[in-house]
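Just the one chain here, laid out as structure tokens, in the form predicted alone.
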Amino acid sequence: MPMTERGDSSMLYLNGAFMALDQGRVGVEDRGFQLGDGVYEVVKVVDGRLLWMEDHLDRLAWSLGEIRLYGALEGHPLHQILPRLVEMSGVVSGTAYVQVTRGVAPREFALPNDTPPTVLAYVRRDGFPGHREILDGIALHAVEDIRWARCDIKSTNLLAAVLAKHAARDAGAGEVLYVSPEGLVREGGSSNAFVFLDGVLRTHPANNRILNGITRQHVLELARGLDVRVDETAVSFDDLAHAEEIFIASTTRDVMPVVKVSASGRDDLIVNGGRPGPVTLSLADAMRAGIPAAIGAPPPVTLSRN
């Protein structure tokens, strides 16, 4: 496995070789490029270490199985490759992106036989919400969910999310909120949504209509550990008007309070007077404390006491 050492924040692993990101080349007939026939993961890098890497790799393997891309990671030990990429890049705070496609084959819809997959990963520097940003919260913009019915697979088919996030940006919001045709809250464009309503933390069940986020799973574990009542049942969009608190959770945002929800043709909904609520901040504190503990770093300043 050839490697080139570089003090570069944009390092790439591609089909067995390490290189600068701008040196990577993928075939024109790669099925990921032409058909979106692939899956991906994003892993957070904190203090130069990968957070919950095994959880992400387990989900990647599951997604590969769901699209019948068996054996794609043979010869690609990502649990070794990703830390090596982080080390080579020198990234302290950022993300590692992993993508696996069915590889290069003549453009046909039927699955090809014995096509070598395309396996790539790269690391980039990135910043994450700080103390002030978390306390300021985020606005969501609701759109009808028109995605396919296998949102549990972390697929590279992201055009619906691209268009929805553009609509959210045009509305002055920082994230999308997908709502089903029946009016049920599903998830964010790249996050999971949580609603604290009538003393219960509600979130959409982990079925085919949402991605079962790694951060989502840890939030639910933390909530139960804090004796917060949890119910994995979808909330209607109309019920948001009665919510005590709303927040989203994702790899890059951890726990982020929601202070406003907008939707076309409706008045904006201001959540908890436009301030993060105590349950959200307690979970944010628990998450922020747990992340450094997982990598052996000192705990951060708490949010709920400041």
Ligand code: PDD
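In this text, residue numbers run from 1 along the sequence as written. This one's a predicted model, so the numbers in the text were calculated from it and none came from an experiment.
The form predicted together with ligand PDD is left out here; the points below concern that form.
With the partner left out here, ligand PDD still marks one of 213 to 221, 106 to 114, 70 to 78, 134 to 142 in the predicted complex; by a 4.5 Å heavy atom cut-off that stretch is 213 to 221.
The partner is absent here; in the predicted complex, the one residue of 190, 180, 157, 236 having a heavy atom within 4.5 Å of ligand PDD is 190.
Site annotation in the predicted complex: the residue of 262, 272, 34, 251 reaching within 4.5 Å of ligand PDD with a heavy atom is 251.
The shortest heavy atom separation between residue 40 and ligand PDD in the predicted complex is within 4.5 Å. Taking non-hydrogen atoms only, residue 147 approaches ligand PDD to within 4.5 angstroms in the predicted complex. Along 43 to 58, a single residue, 56, places a heavy atom within 4.5 Å of ligand PDD in the predicted complex.
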